[in-house]
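Form predicted on its own, single chain, as structure tokens, below.
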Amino acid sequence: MLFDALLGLLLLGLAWLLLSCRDLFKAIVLFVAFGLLMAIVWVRLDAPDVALAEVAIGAGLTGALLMSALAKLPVDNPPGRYSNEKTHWLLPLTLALMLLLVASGLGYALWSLPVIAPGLSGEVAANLEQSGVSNPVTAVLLNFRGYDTLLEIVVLLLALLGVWSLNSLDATPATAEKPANLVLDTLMRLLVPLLILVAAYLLWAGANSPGGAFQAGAVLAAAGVLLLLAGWRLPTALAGLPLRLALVAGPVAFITLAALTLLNARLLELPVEHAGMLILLLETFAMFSIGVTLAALFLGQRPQERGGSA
């Protein structure tokens, strides 16, 4: 109990420091630290699946994306430029009132909850055998409420399209680049195969234990980010149609299965005899799409295709 209270106080302190920090680099470091503490909180709440996603995506890849964005700021706009500038008193007061309103609403919602809330865990456990997997989280995300996962993958793809639309099409060369740092090159050669194996394990283990497409895709994206940091770039032969196919593989697999199940039953209601195989197939396509999309978001610019077109 004391540990949980201390953890809550640390989260509040980090959140305050993060929101009040004017140095962008320090704010990103605080954000990553906040995500790591949140992962511990999810573990304490017996939600290891969410903890894995928080570490891989919330703290790891999101922190890398923020660092990448910070590195692309103009030289004449350093992170601490605004540290000595004063803001009008009305802005912090407005933000404080808005935060107070949101906190009041959340507090009222929590106060109104019943003392004993059964939830839907009983319904999930009763139908778990028909889902094709033994992990209730995977059963919910890939079977009972598979359309939620479909929409999440589509949102990632739309985010990438938005980033590409804001960048020049010829800003990033597609040819492979020789790594400039020998230490980083060696680390990349050691870690990338290991990360691919970990991603494959998380994908396979997701049917029976914490893991799944999003966690595996995030680890796969981490391998891609490490390659990009080491100077590797996508070859021109893969920057066109192969890249597009990898990006849309997950959504297309979901939409195809949704159309097929809609003809015979309800949307994404998987047949019991083939549910396990279909879930593994969906997660495999989703893992590749998530991994490629997150790595492409870190790159931040659309690779050139052969012949210089994009």
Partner chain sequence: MDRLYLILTLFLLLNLAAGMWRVLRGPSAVDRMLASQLFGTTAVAILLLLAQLYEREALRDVALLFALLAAVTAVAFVRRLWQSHEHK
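Since the structure is predicted, the reported quantities are computational estimates derived from the model, not experimental observations. Numbering follows the first chain given and starts at 1.
Absent from the display: the form predicted together with the partner chain. The rest refers to it.
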Stretch in contact, per heavy atom within 4.5 angstroms of the partner chain in the predicted complex, of 237 to 245, 278 to 286, 34 to 42, 250 to 258: 34 to 42
Contact check for 46, 68 and 226 against the partner chain in the predicted complex, heavy atom at 4.5 Å: yes
Contact between residue 222 and the partner chain in the predicted complex at 4.5 Å, heavy atoms? yes
Is there a heavy atom of residue 204 lying 4.5 Å or less from a heavy atom of the partner chain in the predicted complex? no
Can you tell me whether residue 210 touches the partner chain? I mean in the predicted complex, with a 4.5 angstroms heavy atom cut-off. yes
Hey, in the predicted complex, is residue 262 touching the partner chain, heavy atoms inside 4.5 Å? no
Does anything in 42 to 61 come within 4.5 Å of the partner chain in the predicted complex by heavy atoms, and if so which residues, in order? 43, 44, 46, 48, 51, 52, 55, 56, 59, 60
